[in-house]
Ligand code: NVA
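Okay, so here's just one chain, in structure tokens, the form predicted on its own.
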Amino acid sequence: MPRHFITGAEPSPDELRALLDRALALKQAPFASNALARRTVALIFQKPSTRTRVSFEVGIVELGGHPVVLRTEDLQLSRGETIRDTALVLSRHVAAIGIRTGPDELVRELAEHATVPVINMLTVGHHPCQALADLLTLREAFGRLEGLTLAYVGDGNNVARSLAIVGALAGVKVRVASPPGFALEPVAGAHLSTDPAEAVAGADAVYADVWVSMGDDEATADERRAALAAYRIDDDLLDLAASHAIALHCLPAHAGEEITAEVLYGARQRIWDQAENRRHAQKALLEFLLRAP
């Protein structure tokens, strides 16, 4: 049976550690692996993307493979073909399938029927590939993961959930501060609160995401911004963290909303390293899934 990457909880702690070791090695030598030589990976995009599409496409090419990008309108899914049938057909042609979509159930069904690895490139509930890149960025910045504290401030969304899940595997203490009505449900190992200052105090990294995400109701966008205004990452909030703390953001960013321009483009962030690290972490993930028994 193939191994999948759906929520980020699938690898063991040792496997995750080895995967990140490999990602660091691939970052130093981007063309050192031919794991996908003469192989193809299908990338299904039912949600728009910048970083996910570019990082997966370029990474697959660097591994010697060929990416096939499929949008909803390119597939018979748009005419009623089932995700089960899509899984059965694609599995006959490609080495792995990535999907960026809405419902988590759709990805689970795809993985249930696929005979090749399935990678969740984003759903409403999870964004595990982003969390891998985040851990890689922390590892680069601090030389370790065990015992680090990451504070996420804002909406308890898919990114916050994946950070909590994957962070726990890596020994990272994840604190999530959200206003009432935006809280993440309890996740093992994560500390939840409503106080951004409490979450950030002494943290090694402070993390933000957009206040209005894909799929959010634009009619309530101003209400969301008002509720989340106290959770902006600015220099004052970052000063509450450890003196060596870095700011992180999964992008796209809206400077002046969830993060100030001074932090977004300043010296105390590793945000653009994060964006690049999507490629390296995902290459290591593809190698891991394709060699798994």
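Position 1 is the first residue in the sequence shown; the rest follow in order. This one's a predicted model, so the numbers in the text were calculated from it and none came from an experiment.
Just so you know, the form predicted in complex with ligand NVA exists too; it's not on screen, but the next bit is about it.
- Mapping the unseen interface onto this chain, S78 falls outside it, with no heavy atom inside 4.5 Å of ligand NVA in the predicted complex.
- Taking the partner from the other structure, ligand NVA in the predicted complex has no heavy atom within 4.5 Å of any heavy atom of T115.
- With a 4.5 Å cutoff on heavy atoms, T137 does not count as touching ligand NVA in the predicted complex; it lies far away.
- Although the partner is absent here, I97 is not a contact residue: none of its heavy atoms lies within 4.5 angstroms of ligand NVA in the predicted complex.
- None of 70-78, 154-162, 107-115, 195-203 except one has non-hydrogen atoms within 4.5 angstroms of ligand NVA in the predicted complex; the exception is 154-162.
- Only one of L264, A245, V58, L251 comes within 4.5 Å of ligand NVA in the predicted complex through a heavy atom, and that residue is L251.
- Among A133, L90, I83, L122, the residue placing a heavy atom within 4.5 Å of ligand NVA in the predicted complex is L122.
- Contact with ligand NVA in the predicted complex holds for none of S33, R279 and E287, as no heavy atom of theirs lies within 4.5 Å.
- Shown without its partner, the chain has D209, V210 in segment 182-211 as residues with a non-hydrogen atom within 4.5 angstroms of ligand NVA in the predicted complex.
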